[in-house]
Structure formats: structure tokens, C-alpha cells
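Encoded as C-alpha cells, the following chain is the form predicted on its own, with no partner shown.
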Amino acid sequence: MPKKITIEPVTRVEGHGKVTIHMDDSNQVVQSRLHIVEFRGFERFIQGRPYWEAPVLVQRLCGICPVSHHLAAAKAMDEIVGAGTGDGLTPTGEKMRRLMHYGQIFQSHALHFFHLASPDMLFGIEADPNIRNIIGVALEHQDLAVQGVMMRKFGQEVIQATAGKKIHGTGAIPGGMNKSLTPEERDSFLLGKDPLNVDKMIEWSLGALDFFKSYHSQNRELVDNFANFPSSHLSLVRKDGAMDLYHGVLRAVDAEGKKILHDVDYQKYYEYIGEEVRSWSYMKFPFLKEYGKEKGWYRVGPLARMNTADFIPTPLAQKEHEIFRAYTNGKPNGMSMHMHWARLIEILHSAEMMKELLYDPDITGDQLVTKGNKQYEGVGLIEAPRGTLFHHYRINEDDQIDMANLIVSTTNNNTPMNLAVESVAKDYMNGHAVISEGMMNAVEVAIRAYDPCLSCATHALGKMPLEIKILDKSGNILDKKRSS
């Protein structure tokens, strides 16, 4: 008998979503979908606000990755005030933003790996859910849990020192920053009481990589085959091909490693990327226009960045990147569970970058803001923890925002997350008349590998439909109206 399996809510992710899986009479999966069931209309209600409010307003999308939205919006506003991005800022302005951003990458990746992903590795996908959680990690693996907490704390302290607050800060403004580090703040991160100093963070980052490699060696078949499928990958890279999580040009490669988006200026992203809306989700489906809706989808995030970058410009992370790329003989890696491996390499890179920036004399400078000729449109891109984040704004003559379009990291990963759900559902559920909790958790594990932020991703293109029904006391529909 055909049946429908619903997983609601999807757990250990940020935001609200559900999965529906339809099975036929032979207990074969015939359809699976990840539904985003909440709606947040930031693109609409930011319209009419003064442009300089955008970096503070839009970060209210999320309490997990506000820094990413804060900086992407600020980069777009740099264009509006004529400051440009990257080299257009003062050295202190750009380096303070970079320090803030690497603090965000560091704390967000630590939160995901230690708190959200590690329970499945430590206890097993089919373990009792009463122990398969962060409380179980704290009880059974106290040292690992403490490391996760302290690494996140360090990243949040960096954010507070650069943005003014740990969550929803105000440090980045159009054209630069409103503060630099004091020598005391800088020294606290370099020489702080153990373990809250950057050298300990580098040491722990290397330890986390060792932990994953050990897990991988003992569970190679699971890690390599779980939701493994070929795809294209997209990210920012530096102009010389290096990984750059703050600024760069847009590059995409196909499943064989061939460039299909050739290091283009992201100010014109809309010439290359389209967005599709489907009726069963509030999350859009982006695609590369040249390849169309069916074939133009791609992955973003840590895995994609490992596949698109030619190298990582910090020594310890570069060594790990070489090991990572060698595992697939230099070809792009399509293994969803290797997202965790890539994420830990980025944690190490972020720690190295924070140390480099903290030793840079510009970080305590006093030249904070620059500007040029006013523009009426600007695009800001950044590599958020979960992947490439697009912010696009247009203003009117009264300096009010009259158009805003956001393509967030999780939205970019919409198609691959759905494919991961389908792959795991078929692998774990096909042929089973009784579906266990462990089988359903396996589907969630596939989603968690992408570390989705569903709150950020929940907005539709165009208008949200409204339907009103009038029913009698027996439940019969007397009248129905729908707007679209």
C-alpha cells in the first residue's frame, strides 16, 4: 500500500523544515522533498528604509550567521557610497572586517561540527536519540564538548571586539568600519590565558581534523558513499585562484573540474545565475543560466570551496587541502559527508588567518572609512560558513532601498540537499515495510552535512500567495478566495 513518511521538524539545524517521502506498493521511494515551511519577507520589508540601515537590519534574518549578512550588506553599501569592495577600503577597514568574518567562520563551524554533527559520529546514526545529542556528547566525551564550547567562545569574542556585540553587531558601515582593535584587545587574543588564545585554537583545530580522519578511517564506506553524487561547485576565489572567504571573483567548476564560470565579477552575478520558484517550498532554486534549470544547479559551502580553490593561502590549511584533493586524485569531491572534513580545514584556515591579522599593525589603525562617487546599485558577496551569500540592492533618489534580492548559502544548496535526501532515503528505506527512527535520522544526517540555515533561506520570489476559506459548521467550503 502506498504510504507517506513525514520527518517534521528536521532536527539539529537552524530554522524549521520538514521532509516528505512517498513510497509505492513495493516499499520503494518514488518521491522525496525537503520542504521549507516558514516564510520571512526581508527582501520586501527592507524596501523604503535608508540604505545605511541595511547592514544592521538584514542580519536580523538569523542569530547564527548574522555577521555574514552584516558584511555582505556592508559590501553592497560600499558600492553605493562609491568605496568599492576589497581594495577600495582602507587597510584597517578591510582587515577589521576580515578578522570579524574569520571569527564568524570559526565559531559557526565549531558550533556545527561539535554540537550538531558530532553526535551522529560518536554514537552512530541509529543510536538512541536520547543520547545522540549534545548532552550525550557532554556526558560521554567531555573533553570534546569543552573544546567545542571554548572554540565557539573564542570566535564570538573576536566578533564582539570587531562588531561591538557577539550577535547583531554594528561594526561594519558603508565604506568601512566604525572601530579598530585596541592594543589590549589584540593582545588578549594573542596572549590570552589558556585556552582562550589563537595558538590554542590552531592546536585544537588540528586535533579536530585528526578526530575526523580517525572516524573516516574506521567508517570509510559510510563516509564515502553516503549521499555521494557528482555536481558542479561554485564559490568566490581570489584573483590568483586562492581560497578567499571575504572577497574575490566568482568561479564554478563542473564534476570533472572544468571551469564553467570563469572568475567573473560578481557585480554582474545576475547575468550568470537565475532563480526558480517551486510550489512546495518557500526556498528558491538557483541555477547557472548557461546550463538551464535542469543541469545548471551547483553546490556551495566548504566542500565547494575545496573543489574550486587552487590553493589555501595559509600553510597548515594548505597542507590539509593537498591531502583532501589527493583523496580524489585532484578531481572535485562529491561526497556529502566530506563536507565535515572540508569544514574542519576551514576552521584551521580561519584560526591561521586570525593570527595573521592580529599581528598586522593595521588592525589597530585609525583610518577606518572611505567613500567616493555615489552609486544607485550595489552587490555584496561573501563566503558565509554555509557557502556563497549574495546581497543585491538598488536605491532611489531619496536614499531609500527600492529593491533587495538575497540569495543565501542554503538557497544555493537547495537542489543538492534535495538530491542528498533522495539518495539516502533510497539507500536506507527502499524495500522496508517498517521505517525506523534510525532510517529517518539518516535522512536528517544528509541535510545536516550542509549545515543549512533554513531561517535565512525562507523567502519567495514575487508575492506570497494568500488563500481564505469560509466554512460552515460541518466543515463544508462555502467560499474560497486566493491572491497570488
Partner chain sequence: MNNKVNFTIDDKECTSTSDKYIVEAARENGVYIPTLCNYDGVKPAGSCRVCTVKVNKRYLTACTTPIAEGMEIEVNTTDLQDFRNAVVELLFTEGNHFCPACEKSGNCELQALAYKFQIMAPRFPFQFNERYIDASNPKIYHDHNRCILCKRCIRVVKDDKGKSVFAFENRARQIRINFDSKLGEVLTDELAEKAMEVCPVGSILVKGKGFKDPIGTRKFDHTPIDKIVIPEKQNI
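Numbering follows the first chain given and starts at 1. Predicted, not measured: the structure shown is a model, and the values here were computed from it.
Only in words, not in the display: the form predicted together with its partner chain, which the text now covers.
Student: Can we say 332, 338 and 448 each have a non-hydrogen atom within 4.5 Å of its partner chain in the predicted bound form?
Tutor: Zero of three within 4.5 Å in the predicted bound form.
Student: Within 4.5 Å of its partner chain in the predicted bound form, counting heavy atoms only, one of 214-222, 391-399, 187-195, 108-116 shows up; tell me which.
Tutor: After filtering at 4.5 Å, what remains is 391-399.
Student: Could you spot which one of 249, 173, 144, 242 gets a heavy atom to within 4.5 Å of its partner chain in the predicted bound form?
Tutor: Selected residue: 173.
Student: May I ask you to choose, among 304, 99, 71, 163, the residue with a heavy atom within 4.5 Å of its partner chain in the predicted bound form?
Tutor: It is 163.
Student: Residue 53 versus its partner chain, in the predicted bound form: is there a non-hydrogen atom within 4.5 Å?
Tutor: Output for residue 53 is yes: heavy atoms within 4.5 Å of its partner chain.
Student: Do residue 178 and its partner chain come within 4.5 Å of each other in the predicted bound form, heavy atoms counted?
Tutor: Answer yes; at least one heavy atom of residue 178 falls within 4.5 Å of its partner chain in the predicted bound form.
Student: Residue-level contact is defined here as any heavy atom of the residue lying within 4.5 Å of its partner chain in the predicted bound form; does residue 440 satisfy this criterion?
Tutor: Contact with its partner chain, no.
Student: Would you check, heavy atoms only and a 4.5 Å threshold, whether residue 169 touches its partner chain in the predicted bound form?
Tutor: Contact check for residue 169: yes, within 4.5 Å of its partner chain in the predicted bound form.
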